[in-house]
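The chain below stands alone and is given in structure tokens; this is the form predicted on its own.
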């Protein structure tokens, strides 16, 4: 065979007429071009081998549906694509089956994931040492409960400037508290 892609149709026609040798070559060559297709989509080589076998069986079962006037490869790829989708659907359904339900972990989610002993009141002395604008922003955001946008409207700044000032204040406080 010089050009295998042109011979797939001929091999299939010979196979359909009962040539077992042509059929064996056709399946070998089909496996050769389908293996990289599957390997790009599935990480496990053993799963690729298993799925490739299933695809070859599907091609064998569907060989009577092959239209000899059409190219072989798109027909084989279509079967491979359907089998791959079935495989992935079963794979992810199995993962979902073993997944823990959200209701089972809700009790754990209610507990805070981080523990902070620091409150605004506990560090208010340090906040008062900040530049007046930063101290006012932190007081409004953390003691009075205003959002950055509300603080910006109250003191006549842009929201982004309030966030930057708050960030700089957090940075100063972090350095002070890490000592």
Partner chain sequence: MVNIEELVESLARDAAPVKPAPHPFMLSLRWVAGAVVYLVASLWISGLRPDLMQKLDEPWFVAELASLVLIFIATSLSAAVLVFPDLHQMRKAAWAPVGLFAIFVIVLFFSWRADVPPAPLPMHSFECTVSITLFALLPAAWTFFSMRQFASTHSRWAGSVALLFAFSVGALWLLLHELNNSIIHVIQWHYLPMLGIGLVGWWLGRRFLKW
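In this text the structure is predicted, and so the values were computed from the model without any measurement. Positions refer to the first chain, counted from 1.
Only in words, not in the display: the form predicted in complex with the partner chain, which the text now covers.
Each of 58, 64 and 71 places at least one heavy atom within 4.5 Å of the partner chain in the model of the complex. A single residue from the set 45, 53, 122, 147 has any heavy atom within 4.5 angstroms of the partner chain in the model of the complex; that residue is 53. Proximity of residue 39 to the partner chain in the model of the complex: non-hydrogen atoms within 4.5 Å are absent; the residue sits far from the partner. Proximity of residue 84 to the partner chain in the model of the complex: non-hydrogen atoms within 4.5 Å are absent; the residue sits far from the partner. Interface membership of residue 49, defined by any non-hydrogen atom within 4.5 Å of the partner chain in the model of the complex, is confirmed. By the criterion of a heavy atom within 4.5 Å, residue 35 is counted among the residues contacting the partner chain in the model of the complex.
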